[in-house]
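Before any questions on how it binds or moves, here is one chain, the form predicted alone, in structure tokens.
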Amino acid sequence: MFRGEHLADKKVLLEVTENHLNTGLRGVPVGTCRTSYVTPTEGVHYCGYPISELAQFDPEDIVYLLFHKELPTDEQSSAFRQDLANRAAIPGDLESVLKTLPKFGHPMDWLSIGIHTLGMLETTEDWKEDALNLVARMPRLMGLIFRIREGRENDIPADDTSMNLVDRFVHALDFEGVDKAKMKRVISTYLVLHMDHGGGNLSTFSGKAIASGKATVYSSMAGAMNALSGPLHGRANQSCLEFVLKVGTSDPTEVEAFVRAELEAKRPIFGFGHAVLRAEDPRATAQFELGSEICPDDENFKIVTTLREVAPRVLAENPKISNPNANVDIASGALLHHIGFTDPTYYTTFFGWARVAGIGAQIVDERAVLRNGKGTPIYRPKYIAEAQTLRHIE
């Protein structure tokens, strides 16, 4: 069961006014979420646990938490890992499909097509079975996307399904000249920190809305990945690393001058601010702690560390900015870059890989658990005709 309850958002919307229209449904409640919520000071909580308490867990245990709403015992954890291993084998020739895709296509488009392909290869039509099957097969899909896009499609190591999720991905990549222990730690932490973030973010809501029409888990998740790929959502982490590379120095005076110049030019300061949080994102804090341990002298990490000190102070000079603090994107790109992922166009695929677990668990809840197992109805928000349209109708 949930560890504690979050009641702050359980408010009754008494009236929807004209001011709520054409605002992207911001602040308009449409349902309940059993997997996670966000508070202004502690950030995202998974099933009642603040993310700061979960950052060091293995991804498999957090997947279990999201689907079962409780952390596993040692025995349950072992059984769940075996269950994922039993599901992991790709049921068909995924490689041949991926090899037909244009290598210049964005990796997020590859990810969406890969998920669609997995669904065409096998769909059980059982919400939970398909959601967990997809979680188990994501490491191989991710590894194949990297290998084939980079022209390394020959001699791809066979998938060893006895390995854990992160090890299977690293095994498929088979990068040379990298510290694989560091790589596994960064990816594992990244996955845990990004698995879920409430029910109303664009990708999660899109996936659940598609599933409400009884599309498959795979079709719904592919749609969620398409939503995640936009620069205002998941692709922000790609933009953040590109921003860090543009800064180019960790000198505090020069960084402050750069930030002020960007603001003067009305360009965004990537990696800062959050719609709900009013403090530094605990997910950012966890990544700074990890970076301070494994790569304190990495130049990009030194830049984001300086930005962490400088940018909030400069941004806070604007009274309209309610949260000038670092968010989850500020350090993730620098850490991924340090362990060998130097092309930031891939970064959102890691976000998508992580979010498959949270979106999958929420789809299962909305389709098979809520309303005493009947599931939520198909999403059909009401749109009001403009006056000009009404005149044409008359």
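As the structure is a prediction and not an experimental result, all values here were calculated from the model. In case it trips you up, residue 1 is the first one in the sequence shown, and so on.
Just so it is clear, the following notes concern the form predicted in complex with ligand NMX, a form of the same protein that is not shown.
From the list 67 to 75, 171 to 179, 292 to 300, 267 to 275, the contact stretch for ligand NMX in the model of the complex under a 4.5 Å heavy atom rule is 267 to 275.
This chain appears without its partner; in the model of the complex, the one residue of 253, 100, 162, 322 with a heavy atom within 4.5 Å of ligand NMX is 322. Proximity to ligand NMX in the model of the complex, taken as a non-hydrogen atom within 4.5 angstroms, holds for one residue of 85, 156, 263, 314, which is 263. Put simply, residue 351 is close to ligand NMX in the model of the complex: some heavy atom of it is within 4.5 Å. Taking the partner from the other structure, ligand NMX in the model of the complex has a heavy atom within 4.5 Å of a heavy atom of residue 236. A residue is said to contact a partner when one of its heavy atoms sits within 4.5 Å of a partner heavy atom; residue 232 meets this definition for ligand NMX in the model of the complex. Taking the partner from the other structure, ligand NMX in the model of the complex has no heavy atom within 4.5 Å of any heavy atom of residue 35. Taking ligand NMX as it sits in the model of the complex, the stretch 324 to 341 comes within 4.5 angstroms of it through a non-hydrogen atom at 327, 328, 329.
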